[in-house]
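To begin, one chain is listed below as structure tokens, in the form predicted alone.
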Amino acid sequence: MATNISTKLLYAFVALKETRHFTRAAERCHTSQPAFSAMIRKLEEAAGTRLFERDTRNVTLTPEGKLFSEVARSLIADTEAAFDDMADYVARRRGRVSIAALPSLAARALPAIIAEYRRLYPGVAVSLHDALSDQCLALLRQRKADLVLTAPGANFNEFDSRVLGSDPFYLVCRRDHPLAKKRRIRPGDLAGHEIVHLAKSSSVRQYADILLRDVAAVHSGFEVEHLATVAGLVEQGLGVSLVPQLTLFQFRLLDLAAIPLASQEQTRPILVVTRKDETLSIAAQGMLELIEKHVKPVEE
């Protein structure tokens, strides 16, 4: 049998049990005595038995009322604990947030943001997945990530996405390379030079191919998966490479030259992607706010 018992009735029961007086119990519940008496009658009707013995001097629990007292105490405790838990989630004292991001973002932009988030909300568990775009979107689809930071690509229609920032491209080369003396590089300057490429599945390679589509550059023969490998090959003079700004820390470790491209029409946009028509949790929204604060805005 379905029973419709509100917490208001449970608190009325406890007030009457403790005060043993209808008037004082009504005052504690901030209601009139007739309204309070109606609440107790409704509770007894739901219980199917009398819970209180009434006389002119005192109000006491019936045997059934003593049994119900334990039930009421447990229900009230569970309700208060549930609202305490919810208050913790709302205040970001508890919860979890999971981010999936391109390796360049996961390695460079996000660690400082996550550290700041942990300082602000130490009770929230944070997880980070560094992966290529398709893998990031798969994590979002599987609900293993709350939000994704990636570059534009295919298969975005099922998600909500918007541009969060931009990532301009640089040429990286040895400091004794002929192009290292230039203050800015145009794509045409790379004609005749050997290019070390990332794998075609990477967003970096896709944008580099756009930049070089009208340039008679030479493929070095190297097409690798990791930026650290690109850096090592460039360090040994086996070619030059085009990479976005967020990846430059990989190359500065080897003291290579990094020269910005003169035209940034083909910057790599950075997108934030979420599940369509779903509101982020309060913990995830707090993380997104910090990301929006720190990630470089799109240049007009």
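Heads up: residue numbers just count along the shown sequence, starting at 1. Every value quoted in this text rests on a predicted model; they were computed, and no experiment measured them. The term rigid core refers to the maximal set of C-alpha atoms that superpose within 1.5 Å between the two forms.
Not on display, but discussed next: the form predicted together with the DNA.
Visitor: Report whether the minimum heavy atom distance between residue 39 and the DNA in the model of the complex is within 4.5 Å.
Guide: Output for residue 39 is yes: heavy atoms within 4.5 Å of the DNA.
Visitor: Is it the case that residue 31, even though its partner is missing from this view, gets within 4.5 Å of the DNA in the model of the complex, heavy atoms only?
Guide: Residue 31: contacts the DNA in the model of the complex.
Visitor: Against the DNA in the model of the complex, would residue 35 count as a contact residue? Criterion: heavy atoms within 4.5 Å.
Guide: Looking in the model of the complex, residue contacts with the DNA include residue 35, since a heavy atom lies within 4.5 Å.
Visitor: Does residue 252 make contact with the DNA in the model of the complex, using a 4.5 Å heavy atom cut-off?
Guide: Output for residue 252 is no: heavy atoms all beyond 4.5 Å of the DNA.
Visitor: Just one stretch in 235-243, 39-47, 62-70, 268-276 has heavy atoms within 4.5 Å of the DNA in the model of the complex, so which one is it?
Guide: Among the candidates, contact is made by 39-47.
Visitor: Taking the rigid core as reference, does the Cα of residue 50 move 2 Å or more between the shown form and the other one?
Guide: Result for residue 50: yes, a 2 Å-plus shift.
Visitor: Is residue 272 one of the residues whose Cα moves 2 Å or more between the shown form and the other one, with the core superposed?
Guide: No, the C-alpha position differs by under 2 Å between the shown form and the other one.
Visitor: For residue 283, does the CA position differ by 2 Å or more between the shown form and the other one when the superposition is done on the rigid core?
Guide: Moves: no, less than 2 Å.
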